[in-house]
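Given as structure tokens, the chain that follows is alone and in the form predicted alone.
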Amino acid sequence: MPAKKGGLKRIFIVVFFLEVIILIISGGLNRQLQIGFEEGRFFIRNVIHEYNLQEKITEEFQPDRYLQEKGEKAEIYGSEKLYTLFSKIFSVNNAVSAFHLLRILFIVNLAMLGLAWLIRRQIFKRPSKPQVLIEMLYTFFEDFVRDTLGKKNLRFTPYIVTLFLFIWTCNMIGLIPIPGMMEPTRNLNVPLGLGFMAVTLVHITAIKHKGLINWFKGFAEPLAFLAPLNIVGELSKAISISFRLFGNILGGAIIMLVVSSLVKFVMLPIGLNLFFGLFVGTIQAFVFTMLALTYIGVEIAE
């Protein structure tokens, strides 16, 4: 163990000094290394590049607006036909954001389907390490469902586990250093969709549990004229959990960008990614899932 710690320390020091050297060569953030071909010749050059934090924030979080201001063409990474289709379906002002978002959601869904297929295919009496991890996760949330909803309602466990895994995967995907990869949950449409889906499930369950008439009567408690306020209160549940998730993920991404630019992207961004990506992303996925479970519990708890 001491030898491993010593090796990691040496790697950290080497990487730190390499970043410092690159920073000095690039003149802070005022130069940009370019590698490519021009007029049939290969080139490597260090050109003057003005770093504007406000422009960087706009480029990162409002790509459509940035491209319109700069008059540049969107970088779509080999998906031009698909992007053209999206630009026809969606407004020109939102085509890039919508394209990036739906492409990443497609990747997340494929990853989760692949994981489900592998888990089902590789179930053994003597479980492997991945199987043990998944079983521990499932058991962990099953205990929460049992304590909140009772043994008769353990059928909600697959939904709760899937909701957590989906949000967690969306929060983690921003850690992948590939152009165009971002957390889908920092786009308000995704948390809102998840929030309204959770609240809709709550009321479908309440109708099955109480009956349609008693469900309607529930909005008129304690007094009938308070029904509109109770309806608004139910809608506010979806908005509340959605904006909590959206605000934390978007805020973390902005803080990472701002602080990283202040320290010239030397080493500190690694720690920020670990904190906001792994820790905050996991906590927010758990909080959203537990709130959805609590809303169901309010309606049908034994």
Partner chain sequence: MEYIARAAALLGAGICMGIGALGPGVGEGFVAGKACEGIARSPENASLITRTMLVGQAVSESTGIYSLVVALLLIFST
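Positions refer to the first chain, counted from 1. What you see is a predicted model, and the numbers here were worked out from it, not measured in a lab.
FYI, the form predicted in complex with the partner chain isn't displayed, but the following is about it.
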- Look up in the predicted bound form whether G233 has a non-hydrogen atom within 4.5 angstroms of the partner chain, and give yes or no. no
- F106: touches the partner chain in the predicted bound form, heavy atom cutoff 4.5 angstroms: no
- Does the partner chain get within 4.5 angstroms of any non-hydrogen atom of I57 in the predicted bound form? yes
- Would M256 count as touching the partner chain in the predicted bound form under a 4.5 Å heavy atom rule? no
- Contact check for R65, S240 and L250 against the partner chain in the predicted bound form, heavy atom at 4.5 Å: yes
- With the partner chain left out here, work out from 158 to 166, 216 to 224, 136 to 144, 113 to 121 which stretch has heavy atoms within 4.5 Å of it in the predicted bound form. 136 to 144
